[in-house]
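Shown next as structure tokens: one chain only, the form predicted on its own.
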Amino acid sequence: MIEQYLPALSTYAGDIDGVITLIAVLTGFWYVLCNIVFFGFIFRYRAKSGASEYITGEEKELKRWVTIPHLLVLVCDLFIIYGAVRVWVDVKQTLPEQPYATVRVVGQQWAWSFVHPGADGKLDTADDIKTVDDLHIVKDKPYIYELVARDVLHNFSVPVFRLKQDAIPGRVIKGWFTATDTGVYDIQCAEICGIGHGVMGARIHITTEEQHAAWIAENTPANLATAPAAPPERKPLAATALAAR
């Protein structure tokens, strides 16, 4: 139902939508039922001319209108807790064992910075690709992200992934996602972080593996792309003379 208004483009987006729908259905049911009973009682027991009655609320036949619905609501809560914990463990506590790549996400006032691994597939090497407000990933590949904040609290939010994670200064928070379709979509900051919070938007570019490889080749740092080949290793003269004998 939610995906009719906002695409669900991660492997766990449907599970999160399911929990939201479950909560909406259960709370919506009790909201409608309570209003029906409430207004029904107002109409049924409205004051009549010349008649009045004092009710203490201690009568057993009246208490059951509270205790029985209370117990039923608790049963509904158990279903919500089960569904929420199952999704929480999958999304927040279980990282892919063999991720395709790791990207670094940096929140700052008021922009998102991203560090992508280069052709070697590793972060913190010479071919890392750094961008501002543009994150590039591959469809159907599991990614781990390292989320940090340079100044104040931020929140890394990708609505189409149903992903929201606080970025906390002094901490590196890891999470994951796997995109299920290609396209360009919004990244937001969902934590009020100062006067420029409202303009702290970015874009996530989801492409095929071939398109991503072309993007890496095009954006590899110039000093690596044009660096001359390393000269052959020279042997000491003594070793060269011995080899010639």
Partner chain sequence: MSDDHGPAHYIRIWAILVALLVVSVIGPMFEIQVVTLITAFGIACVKAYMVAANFMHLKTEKTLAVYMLVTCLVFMFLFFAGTAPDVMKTEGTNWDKPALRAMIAAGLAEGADHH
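Positions refer to the first chain, counted from 1. What you are looking at is a predicted structure, and each value in this text was computed from that prediction instead of being measured.
This protein has a second form, the form predicted in complex with its partner chain, left out of what is shown; the following refers to that one.
Engineer: Do Lys92 and its partner chain come within 4.5 Å of each other in the predicted bound form, heavy atoms counted?
Structural biologist: Yes, Lys92 sits close enough to its partner chain in the predicted bound form that at least one of its heavy atoms falls within 4.5 Å.
Engineer: When the contact criterion is heavy atoms within 4.5 Å, does Ala126 count as touching its partner chain in the predicted bound form?
Structural biologist: Because no heavy atom of Ala126 falls inside 4.5 Å of its partner chain in the predicted bound form, the answer is no.
Engineer: With the partner left out of view, is Arg171 within 4.5 angstroms of its partner chain in the predicted bound form by any non-hydrogen atom?
Structural biologist: Arg171: contacts its partner chain in the predicted bound form.
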